[in-house]
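Before any questions on binding or motion, here is one chain by itself as structure tokens, the form predicted alone.
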Amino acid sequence: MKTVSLGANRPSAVKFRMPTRDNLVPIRVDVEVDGQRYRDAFTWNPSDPDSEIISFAKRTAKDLKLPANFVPQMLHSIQGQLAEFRSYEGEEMQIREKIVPLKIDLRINNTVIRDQFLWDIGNLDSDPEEFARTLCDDLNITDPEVGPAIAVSIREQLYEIASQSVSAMREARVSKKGRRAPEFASNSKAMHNSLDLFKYFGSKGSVVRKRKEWYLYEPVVDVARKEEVGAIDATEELSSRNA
């Protein structure tokens, strides 16, 4: 088990942003047009002008030799996710000394990686990209696509925690009951993950674990064979179409 980003100064409430050093939004695009499909995950600076999105979509379609009608679909997806992020800006979110469990369960090309660790969301200087690079170095993962995928997964979980905090504070203000806003909403997927892992970590966010429990938190890395990758791709494609 790893514990990340401990010991920073922590304000009790801050304006909404990603609880990381760089205010980068996790973006996922899944577009299908005329039987062709484009899927990708990356981060985006919400301060960049929308003209950059147009340039990115056109350049991506050209580089991947996708039909021109992919461009408006990609624009719609990216702009919609950025609009949702920007809808929280200016709102307050509650940031206390809180250690939350995060989980990684990814398959990138033929690399499968699973891990779980504690993250200090009160440290606004934390860096998911640096953490992902270090993790890949430690595990001797050489595929250059794995690190960015890990960072995006971390950012997605932190984004959900931050946005749920804003929603909870909104609800608390509306209720006018004078209670301090909870840090997480109970219907949050991240909250459910937290509850699952708190069975192991404890509600106080245990940082030091007993040696006999270390095996529970060690990262797992597998290399899938070519035929396994094909089967996994087919299963994921079927699942996504039926979703």
Partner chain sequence: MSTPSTPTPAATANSILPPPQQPSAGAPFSQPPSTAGTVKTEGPLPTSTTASAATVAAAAAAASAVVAEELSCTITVPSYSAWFSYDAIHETERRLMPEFFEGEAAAASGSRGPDAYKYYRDNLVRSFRARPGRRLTLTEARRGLVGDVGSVRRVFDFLEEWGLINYGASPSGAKQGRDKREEAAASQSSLPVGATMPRKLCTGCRTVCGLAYFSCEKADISLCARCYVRANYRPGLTATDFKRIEITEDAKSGWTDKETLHLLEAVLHYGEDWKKVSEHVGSRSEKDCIARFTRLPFGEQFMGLKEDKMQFEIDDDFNDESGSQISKRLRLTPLADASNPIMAQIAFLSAIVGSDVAAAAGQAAISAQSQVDVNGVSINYSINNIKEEESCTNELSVNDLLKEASRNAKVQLENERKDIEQSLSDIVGVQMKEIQDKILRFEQKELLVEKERQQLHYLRELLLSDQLAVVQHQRRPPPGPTESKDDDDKPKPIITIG
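Residue numbers count along the first chain shown, from 1. The structure presented is a predicted model; accordingly, all values stated were derived computationally and were not measured.
The same protein also exists as the form predicted in complex with its partner chain; that form is not shown, yet it is the one meant from here on.
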With a 4.5 Å heavy atom cut-off to its partner chain in the predicted bound form, the contacting stretch among 146 to 154, 84 to 92, 115 to 123, 165 to 173 is 146 to 154
Applying a 4.5 Å heavy atom distance criterion, does E52 contact its partner chain in the predicted bound form?
yes
Within 4.5 Å, heavy atoms only: does D63 come near its partner chain in the predicted bound form?
yes
With the partner left out here, check for me: in the predicted bound form, does some heavy atom of D40 sit within 4.5 Å of its partner chain?
yes
Would you check, heavy atoms only and a 4.5 Å threshold, whether L24 touches its partner chain in the predicted bound form?
yes
Please state whether all three residues D34, L75 and Q79 have a non-hydrogen atom within 4.5 angstroms of its partner chain in the predicted bound form.
no
Scan 99 to 132 and note down the residues that get a heavy atom within 4.5 Å of its partner chain in the predicted bound form; none is a fine answer too.
D127, E129, A132
